[in-house]
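Quick setup: one chain, the form predicted alone, written in C-alpha cells, and binding and motion questions come after.
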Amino acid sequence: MFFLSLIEHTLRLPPHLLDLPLNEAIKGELESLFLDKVIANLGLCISVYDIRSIDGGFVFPGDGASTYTVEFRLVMFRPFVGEIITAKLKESDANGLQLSLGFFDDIYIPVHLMPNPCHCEPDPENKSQVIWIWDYQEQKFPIDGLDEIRFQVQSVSYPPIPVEQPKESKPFAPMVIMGSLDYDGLGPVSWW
C-alpha cells in the first residue's frame, strides 16, 4: 500500500528561502511541489522521506534563484491489485459505492463487483443515496456506512487529464481505485 520512490528533480529555490539551512529549504519546496499530488504510475505522494543528494546551486542570469538537482525519496500510496483494505463508506448510489480512506476518496465498488445477490433500496434518511443490501440465506445484510468496509483492490488506474470538463461533472480524479466486495470476508466488518 505504501512504498518509497526514488526521484531526481531540478528544483528552483527562491531567494527568500536562502537564509534557511539548505536541507530544510529544499525539503519545504519539495513538500509544496509533491505532497498530496498524484504522480502517474507511482501513486499519491504522502511525505518526503529523505533527501539523498543535492547538487548544483547555480544561479542563472537574470533569475536570482539558485537551481539544484535533488535526489530524494517520497512515501507513496498505491495499493497493489489483490490487496485487502478497510475503508469508510462515503457515498452510495445505483451505480455502486464510493469509499474513503480519509486521505484518499476515489475508491469505487461498481455494481458487478458487489456481493451476489445484492439489491439497493432508497435510503430513508438521505433521499439522494441508496442502501445496498446483500441477500444471503434469507437474511438481509445492509451496507449502511455504520461499519468500516473491507474491500479487495481490482485495479488502480491513472485516467488521462481531460481537456475540457462539463460544469456539472465530478472533479477530475488523477488516480482511481476499483474494488470488489464479492468474496468471503469482504464487506462491512460486522458481517464477519
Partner chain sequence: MSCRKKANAGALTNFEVLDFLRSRGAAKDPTRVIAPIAASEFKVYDYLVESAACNQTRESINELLEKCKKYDLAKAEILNIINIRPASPVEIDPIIEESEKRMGEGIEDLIEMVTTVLPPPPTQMNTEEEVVAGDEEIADGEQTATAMATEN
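Positions refer to the first chain, counted from 1. Keep in mind the model is a prediction, meaning the values are calculated, not measured.
The next section is about a form of this same protein that is not shown, the form predicted in complex with its partner chain.
In summary, among the residues Val156, Ala65, Ile131, Ile46, the only one with a non-hydrogen atom within 4.5 Å of its partner chain in the model of the complex is Ile46. Under a 4.5 angstroms non-hydrogen atom cutoff, its partner chain in the model of the complex has Asp184 among its neighbouring residues.
Although the partner is absent here, Asp135 sits far enough away that none of its heavy atoms falls within 4.5 Å of its partner chain in the model of the complex. Using a 4.5 angstroms threshold between heavy atoms, Asn23 stays clear of its partner chain in the model of the complex.
Among heavy atoms of Ala40, some come within 4.5 Å of its partner chain in the model of the complex. Residues from 6-43 that approach its partner chain in the model of the complex with a non-hydrogen atom closer than or equal to 4.5 Å are Leu6, Ile7, Glu8, His9, Thr10, Lys27, Glu31, Leu35, Asp36, Ile39, Ala40, Asn41, Leu42, in the order they occur in the chain.
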